Every structure is written in structure tokens, then in C-alpha cells.
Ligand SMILES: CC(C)(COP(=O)(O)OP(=O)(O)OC[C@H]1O[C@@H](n2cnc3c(N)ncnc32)[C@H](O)[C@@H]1OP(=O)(O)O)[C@@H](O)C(=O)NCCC(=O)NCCS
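One chain comes next, on its own, written out as C-alpha cells in the form predicted alone.
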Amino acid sequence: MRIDVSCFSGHYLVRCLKEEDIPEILELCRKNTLFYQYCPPFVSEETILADMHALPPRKEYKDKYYLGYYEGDRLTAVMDLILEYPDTQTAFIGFFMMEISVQKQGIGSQIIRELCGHLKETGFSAVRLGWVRGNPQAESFWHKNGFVETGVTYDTENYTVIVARKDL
């Protein structure tokens, strides 16, 4: 399934990011030091490139959207979205980060609300994601946006991920 990502927001230009966008993505991400305290390693061009190409099991690049949300020519948010994962009715947000200067203004919640609305219109019934246990900013944000823990967690080398879901 391919979708028109420009429909994800009525307020921002949304487009798929490419390797030439890495310096701009790095600039946005490197200011979010709290995230990397909980989710090492600290961002670099190499980790961004790896994220751009990372896929969950049994998924293909046609299902992956590494997105930039722009206000004018300024990158405001980055999102990694996988369609039909872990099942055909679910979309998975692998990563979402806002420009630090616009955090705590409701913009991130607006982006998630618009995305969820469009995904529902497209036929999806849920969105799934994970946050790192102990990261108060991430937990608060996702709870505020209607995501609830599924009871599933998984351990990585450096942290534990709490899996959450929102029914659409």
C-alpha cells in the first residue's frame, strides 16, 4: 500500500526525507539531548542513515516512510512510519521528534492527531509505537495523545522499550 504523505497534515508540508536531508535532520535531533540520555547512542549522520534504512521483520521499503514536517522551509518534525506493522490494520511509529524550539506548544499533538485521522480514513484501526522506560517526556507526550501500554516490553542492549497502542 502506498499513500500520499502530503495528506498527513493540513498545517505542514510533509514529504519523504532523503539522504541529502541528513544534515538538516541532524540539526533538529542533536538539540534533543534528553531523548538521547534515555536512548543512546547520541545522534550522528551514521545513526540517521541507519534509521532511514531500518525495517522491522518481514517489512519492505515500500511500507516505510521517513518523513519531514516542514513549516515553510524549516524542518519542524521527523517521523519514521511503517504501514501495516505488526499487522495489516496497524501503522507503527518507529521514531518521532520535534524541533526543540517548538516543543510544548501543542504542535506535536496536532501532528499526531492529523496523522491518526488520516490513517483512520485510509482504513487503519490502530497506531503502535514504543518509548524508552523512564523517559518522562516521551511517556507523558504519548499518554496525552491517547496511547496506552500494551503490557509488552522488550529489552535492548541499553534500555527497555514499552510498547503502546492507540485505537483509531
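The first residue of the shown sequence is 1; numbering continues from there. These figures come from a predicted structure and were not determined experimentally.
The form predicted in complex with the named molecule is left out here; the points below concern that form.
Enquirer: Can you pick the one in Ser125, Gln37, Thr122, Ser109 that has a heavy atom within 4.5 Å of the named molecule in the model of the complex?
Expert: The residue in contact is Ser109.
Enquirer: Consider the chain as shown here, without its partner, and state which of Met52, Val43, Cys116, Ala138 has a heavy atom within 4.5 Å of the named molecule in the model of the complex.
Expert: If I apply the 4.5 Å criterion carefully, the residue I get is Ala138.
Enquirer: Tell me, yes or no, whether Ile82 is in contact with the named molecule in the model of the complex, where a contact means a heavy atom of each within 4.5 Å.
Expert: Ile82: no contact with the named molecule in the model of the complex.
Enquirer: Residue-level question: is Trp142 within 4.5 Å of the named molecule in the model of the complex, judged on heavy atoms?
Expert: It does: once the named molecule is placed as it appears in the model of the complex, Trp142 has a heavy atom within 4.5 Å of it.
Enquirer: Please check if Met98 has a heavy atom lying within 4.5 Å of any heavy atom of the named molecule in the model of the complex.
Expert: Yes, Met98 sits close enough to the named molecule in the model of the complex that at least one of its heavy atoms falls within 4.5 Å.
Enquirer: Hey, in the model of the complex, is Gln103 touching the named molecule, heavy atoms inside 4.5 Å?
Expert: Although the named molecule is absent here, Gln103 would touch it in the model of the complex, with heavy atoms inside 4.5 Å.
Enquirer: Along 53-91, which positions have a non-hydrogen atom within 4.5 Å of the named molecule in the model of the complex?
Expert: Contacting residues: none.
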